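Just the one chain here, the form predicted on its own, laid out as structure tokens.
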């Protein structure tokens, strides 16, 4: 029988009461391994109420004390690292190296948040006027919420909650219903680390949960990562209900390969960036733009590497790429490959017929590689979110850059070249939020901030890092004069500080 999961509210496990459940599969075997309860509106409201009740005490807790809880949590996370890795692999399908890397990135955000006493230091100006001082501080927003996708069940939630609670907020997380167990275990470890009840809550579910979080007046801020249509809905609905919202959306990341690039290095980078995590990454490189003579050279290197890609279950240490998250998603990605063939692109490597002995029911799809893809094709325009790499050929750098900038998404972009002038021109002119030079997946570390441009981000703030601190706090500026400095007589003009 599949395991029945739970919510985590006010410091304890809560069984679901709605009677509705979602299925959680092991993507490598196709087996139903758990059922996750879908919360009804009343259950979400209980979590919000717990967070609201915990907020005044947590906000008043000294920043050093909040940081010490996070330090203790990081210690527990390291101690339970293998357990968390296994949860990610068995519910998402990542290979060992990728799951370990995801947990490492999650811990790096926790490390950043441990520095919150320094990050929340305010600004002070003495004598802005005669005997008048002025200072600014950042204070928590209140109850915050996070809505996260399936592709990084540990890292993406950690882009949100560590910074939020370090800043003095309380938090309600709705993880993906496809792989929720890692978030539920994190909640237990936070309690063990000494986090007060109600500060961090996890509610599982579907649109009913999302809509409750977006409309409940007790929620002050919403963070979201997912597809562009849903991000737009989250942003517009949340803003219409008076919340601050950051909604990270879709991507179609381009990597320009110049003729002078090191083709071995470029090929290695493309293999990891296009096929790592089975392409289920918002920072995956799904378009390689080969400039001039780079096309033939790149394909000579790339084709045999894609053909020999080691696809297998995530717990097998030799696997380089695991399965897709569900059978439905595998069918969707396979349908895009069908579409690319119909549109006239050259399918050089076809992974649709991959079958693994002993894992025939798993959600596996082999690496797929298209050449001579055109910008008018759906496989170029849409975010496929699978192990499908499109190679587009252009005659020169300007055409490649224009192609990249014309796309609706602007999450990440990269250039591979030995030429400094080309690299500088690219970094200055490319319309993307994260840029790599001979780095295919330029994901900023925790002390910078992550986010895209155009249809890849809705809202003014990127996520985690300094932008995360600003998103999860409100600025308050005080101007003060004490009685000994009060001037006599009323003033009927806007005060100046002469």
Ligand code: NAD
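Being a predicted model, the structure only gives us computed values, none of them experimental. Positions refer to the first chain, counted from 1.
One more form of this protein exists, namely the form predicted together with the named molecule; it is left out here, but the text below deals with it.
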Choose one stretch from 262-270, 354-362, 217-225, 236-244: the one whose residues place a heavy atom within 4.5 angstroms of the named molecule in the predicted complex. 217-225
Distance check, residue 167 to the named molecule in the predicted complex, heavy atom within 4.5 Å: no
Contact with the named molecule in the predicted complex for residue 385, defined as at least one heavy atom pair within 4.5 Å: yes or no? yes
Is there a non-hydrogen atom of residue 200 within 4.5 angstroms of a non-hydrogen atom of the named molecule in the predicted complex? no
Is there a heavy atom of residue 90 no more than 4.5 Å from a heavy atom of the named molecule in the predicted complex? no
Checked 314, 276, 367, 175 for heavy atoms within 4.5 Å of the named molecule in the predicted complex; positive is 175
So which of 144, 414, 251, 213 reaches within 4.5 angstroms of the named molecule in the predicted complex, heavy atom to heavy atom? 251
Would the named molecule in the predicted complex be within 4.5 angstroms of a non-hydrogen atom of every residue among 151, 205 and 282? yes
Stretch 53-79 - residues with a heavy atom within 4.5 Å of the named molecule in the predicted complex: none
